[in-house]
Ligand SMILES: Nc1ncnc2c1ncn2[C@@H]1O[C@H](COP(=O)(O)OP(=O)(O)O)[C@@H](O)[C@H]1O
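To begin, one chain is listed below as C-alpha cells, in the form predicted on its own.
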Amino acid sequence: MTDPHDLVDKVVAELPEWLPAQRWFGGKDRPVTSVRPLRTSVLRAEEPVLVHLVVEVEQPPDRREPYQLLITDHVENYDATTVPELTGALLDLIADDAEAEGLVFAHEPDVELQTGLRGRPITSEQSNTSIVFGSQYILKLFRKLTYGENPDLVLHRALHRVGCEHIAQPLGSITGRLDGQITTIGMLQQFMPDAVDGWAMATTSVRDLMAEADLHADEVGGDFAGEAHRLGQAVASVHADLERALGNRPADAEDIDRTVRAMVSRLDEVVADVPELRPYVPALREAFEQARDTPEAIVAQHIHGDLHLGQVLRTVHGWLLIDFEGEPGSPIAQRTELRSPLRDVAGMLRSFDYAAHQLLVGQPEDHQLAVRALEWSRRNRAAFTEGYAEAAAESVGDPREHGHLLRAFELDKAVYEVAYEHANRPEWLTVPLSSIARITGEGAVQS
C-alpha cells in the first residue's frame, strides 16, 4: 500500500520537469528552479490514495507562486483529476459540508446536491482544471492559487444575490488556509450541457466567410453580428448587475492618471522581454497619454476583468459570462480593484479581432483573406458595441463616447496579449502585434 507522504515526496521531486508540460501551468516561459510543498491534505489514505497538495513553484529571477494538485498512485502521471472515482469524492464532500485535513467543503445556502456522481475533466481548458459531474455540475479547481477569496467566487455570489440572468448559479466551494488566509481552492457551479462557447461560434462564422469567395460578412449564412449584438447587451446587463450588487464610484483625474501609469509600466515590462514590440512603443505611449483626455464622466466598479469570446457561453436562453477571476497573469490587487467597465468592452473587441485572424496564423500572406478577416472583425465589433450601448446603465453609457480611453484599454490588452503569446504560443505573436500596428497606424506585421 502506498504511503501518501512517500507519494508526495516522489511527486514533488518530479514536478520541476512535469509542470511546464501542463496546459494550466502559467510559467512556461521560464525554467522551474525548485518546488516546495506548502501543505498536504490526505483525502483518502486507502488505495487508490487521494492527496491534495499545494506547492510553491520558484522561477527566476524571483517568481514564487502557489499551485494546487490532486495526486494519486492510481495513474502513471499522478494526476487524480483524470480518475472519475476520485473526483467524485470531491462532490460528495461538498454536498456533506465536510472538513478534511484543513480543507473546508461547503455547498451554498438553500442548495441540495446529488451525490455519487463520477467526474470527468474538461480537456480544452487552459489556466484551470474543470470537472463535470453528470449533466448537472461543474467544479473548477484554481490551479494557480490566489491568496484570499478568489474574485470568481466573490462576484458570482454577488451576481446571484441580485438575480443576474447571465451567469451559471454558484453551488458550492472548497477553501483552505494559505499563509494564514482563507483561500479559494475550487468553485462548484451549475453545468450547462447544451451550451456552446462564443469562441467556437465566432470562429465557425469566420470559416464560413473565408470559404465564400464573393460574399460579404452580412451575406454569409453564418453571420455572427446578431449574436454579437445580443452579447453586447448581456455584458452591459452584467455590468449593471455588478453595480447594483456592489456599487461604484466616480473615477477622477487621479484614477485616470494611475491607469495610464499602469499601462506604461506594463508596456515597459513587456518590451523588455519581447523586442518585436519595440517599433510600436512611441505610438503606444502616445495613445496611453491621450487617454487622459476623457471629458465625459466615467465610473469605477467591479468588472469581469478578462472578458473574451472564450469566457461566454450561448445557451438556448441567451448568453452567460463565466470565469470572473480576471487576467491570470495580473496581480490579485489589480484584479480585485474597482475599474472602468470599458476594460471589459475592450477585451471583447480584442477577442473579435483574434477570432477574425486566427485562421491566418502560420499561413502564407493572402491579401484577400486578410481583407475578409478585417471586414468580419469590424462588423462584429460594431454590433457588440451597439448592443452594449443599448443596454448599458446610465452611469456607464455608450462606450463609443469615450474613444481615447477605450482605444487605450484595447491597446493595453494587446500588450498583455503580446506577453502571453511570447511566453506560451510564439506563433500567435503576430495577431496582437498586427492589431497594435493597425490601431496605432504604424504599418503592418506579417501574419
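Given the structure is predicted, the values throughout are model-derived calculations rather than measurements. Start at 1 and count along the sequence shown; that's the residue number.
The next section is about a form of this same protein that is not shown, the form predicted in complex with the named molecule.
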| query | Among the candidate residues Val299, Ala236, Met263, Ile322, which is the single one with a non-hydrogen atom no more than 4.5 Å from the named molecule in the predicted complex? | reply | Ile322
| field | Answer option from Ile122, Ala253, Val75, Ile182, heavy atom within 4.5 Å of the named molecule in the predicted complex | value | Ile122
| If you check in the predicted complex, is Thr115 within 4.5 Å of the named molecule, heavy atoms only? | no
| Leu277: touches the named molecule in the predicted complex, heavy atom cutoff 4.5 angstroms | no
| If you check in the predicted complex, is Gln334 within 4.5 Å of the named molecule, heavy atoms only? | no
| query | So, in the predicted complex, is Gln190 in contact with the named molecule at a 4.5 angstroms heavy atom limit? | reply | yes
| All three of Thr259, His402 and Gly403 touching the named molecule in the predicted complex at 4.5 Å, heavy atom to heavy atom? | no
| remark: Here the chain appears without its partner; judged in the predicted complex, the stretch of 237-245, 372-380, 94-102, 136-144 with heavy atoms within 4.5 Å of the named molecule is 136-144
| note | Restricting to 23-44, the residues within 4.5 Å of the named molecule in the predicted complex through any heavy atom are none
